[in-house]
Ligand SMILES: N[C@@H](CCC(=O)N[C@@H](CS)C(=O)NCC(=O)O)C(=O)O
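Below, in structure tokens: the form predicted alone, a single chain.
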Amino acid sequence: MAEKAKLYYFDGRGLMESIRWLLTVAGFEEVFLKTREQYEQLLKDGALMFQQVPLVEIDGMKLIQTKAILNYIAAKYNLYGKDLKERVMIDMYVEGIRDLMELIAKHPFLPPAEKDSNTKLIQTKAVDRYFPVYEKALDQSGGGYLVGSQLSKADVQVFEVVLMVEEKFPSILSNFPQLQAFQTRMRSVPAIQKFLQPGSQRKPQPDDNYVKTVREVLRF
């Protein structure tokens, strides 16, 4: 039996959470960075090519750079479309949702005076720029997936971000019936259903302790 992927990151969402979502079917182990010394040891070992985490050990490789990791996992587990045309559409949908994800990910690290405006920006961009794109794509696809006739990393990552936005704005999907139906379908996927259960490796919303640890380890 192949060894499980090993993830090196903080005990929180950040840049690693999308990777966790894509690895739900295969399973994974985690090493949580809690001290500056752990991070420096990874640097000393030459594991961090650009001195950055997340780091994922998989198939005998040490992978860094979030997009590269996600692409590898998607290709490995048949979540990347059936041809180049499907793949480029998947990439476009994923890159779009990552723009929104970055607004959410940086939120806990903002000064208090900037948090209200960032929260409003998340809501505005979700409703005006991003959700209408996915609503239209789902309406046109006819098969329940964003691209093609099978589940892809675009479906998983859009679902992940929709859930994160809903945490802040519970009724935000009220004018997006296709996304509501999509969310229901995604919740029924066995691996995702399991990942959403209490006690899974899915991480909660970032708290002050997570922010403090990240700042101390990375010294920013």
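All values derive from a computational prediction rather than experimental measurement. Just count from 1 along the sequence shown to find any residue number.
Although not depicted, the form predicted in complex with the ligand is the subject of the following passage.
Partner contact region in the predicted complex: 44 to 52, out of 161 to 169, 44 to 52, 183 to 191, 148 to 156, criterion any non-hydrogen atom within 4.5 Å of the ligand.
The ligand in the predicted complex comes within 4.5 Å of no heavy atom belonging to Q178. Within this chain, Y39 lines the site of the ligand in the predicted complex, having a heavy atom no more than 4.5 Å away. Looking at Q65, you'd find a heavy atom of it within 4.5 angstroms of the ligand in the predicted complex. Residues Y9, F10, L15 are the ones in 5 to 35 with at least one heavy atom within 4.5 Å of the ligand in the predicted complex, listed in sequence order.
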